[in-house]
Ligand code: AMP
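In structure tokens, one chain follows: the form predicted on its own.
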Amino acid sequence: MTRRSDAGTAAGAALPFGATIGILGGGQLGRMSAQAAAQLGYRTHVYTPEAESPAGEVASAVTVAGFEDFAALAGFVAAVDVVTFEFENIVPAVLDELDRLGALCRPATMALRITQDRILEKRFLGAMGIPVAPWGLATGVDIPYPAVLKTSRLGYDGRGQARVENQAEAAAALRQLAPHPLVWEAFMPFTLEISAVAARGVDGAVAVYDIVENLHRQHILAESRVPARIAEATRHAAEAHVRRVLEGLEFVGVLALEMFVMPDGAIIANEVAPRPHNSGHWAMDACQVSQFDQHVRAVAGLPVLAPRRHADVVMDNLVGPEGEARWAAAVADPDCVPHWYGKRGVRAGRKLGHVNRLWPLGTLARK
């Protein structure tokens, strides 16, 4: 019996309590997903190359092996009832092997194949009628300026990209950035960065969280604010865009659509993250259902819930040595809820945890 498709699955056919959810990847998103799964009555089995991983610390079982160790991967698939993903940059050969093994994957591997490749992702967004910045393949320095050069694969948190103003800078970036091919994107003079985090269940039901206003420092998310300071028309457009992404991918689970807000209020899509997202961490303490609860619900075949926010919130990322230095103050602040990821070692640019600072509803709208 093939296990890989959800076609025809009944809306009520949820995994039984005590079933095992396999999580491919051992980082902090896997850790918080495993914690949510335990709360909902499920076991988790984490597959990771790391001997001491954040997710492995809290999972029911762990397989420590390389992603391309197909014997270990087969054992992992046989030990779980469904497979989900903690990150999207999984090489196609591993996705091929999951398909060959007949693994029930939520989201399906096709969603990762599209969203891990900027070329495929941009074509998909265009086909969905979602605006993106002008772009093309960068085979040389004859591109519009200013532009952002990006690797088509393996880029996140600013890695694998460079802003270029002229042909000399583009030539240097073409030499330094890998893997090829590269894409160029026209630089967009946006006024605000936002994201839409949403879930889609096995039955096709969609639940969208409040739109998030984001601030990045050195290409890493530093702060997320809810509610976002955007017009109603912009909010409705962002919600409609993320719904189209979920439905177009036939996605099961939680994803985020990152977008730019232009001076006239128009929205330009930037990237799709086919998993729980850093900008959705605020819901852990300001909503009755977190993005990790939703992801587990969707993956397990449970109903996804309409989120109800009960506080205004600013999520503050704790990154690198500076973030570690702020931990003690965050733990002592009665208005903050701190979350530590259990990572081994501190280095610049590494996400170590986050803090949700809460206010009564309506407070941030006046600031």
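Please read these numbers as outputs of a predicted model, since none were measured by experiment. Numbering starts at 1 and runs along the sequence shown.
Heads up, the form predicted in complex with adenosine monophosphate isn't pictured, but that's what we're talking about next.
None of the heavy atoms of F124 is located within 4.5 Å of adenosine monophosphate in the predicted bound form. In the predicted bound form, Y145 stays away from adenosine monophosphate, with no heavy atom inside 4.5 Å.
Using a 4.5 Å cutoff between non-hydrogen atoms, D117 does not count as a contact of adenosine monophosphate in the predicted bound form. Using a 4.5 angstroms limit between non-hydrogen atoms, K150 touches adenosine monophosphate in the predicted bound form. Proximity to adenosine monophosphate in the predicted bound form, defined as a heavy atom within 4.5 Å, singles out one entry of E271, D285, E169, D81, which is E271. Listed residues E88, D210, E193, E97 were compared with adenosine monophosphate in the predicted bound form; E193 is the one with a heavy atom within 4.5 Å. No residue of the trio E223, W340 and R350 has any heavy atom within 4.5 Å of adenosine monophosphate in the predicted bound form. The stretch that touches adenosine monophosphate in the predicted bound form, counting heavy atoms within 4.5 Å, is 255-263, out of 255-263, 223-231, 71-79, 201-209. Although adenosine monophosphate is not shown here, in the predicted bound form the stretch 177-197 places heavy atoms of E185, A186, F187, M188, F190, E193 within 4.5 Å of it, in sequence order.
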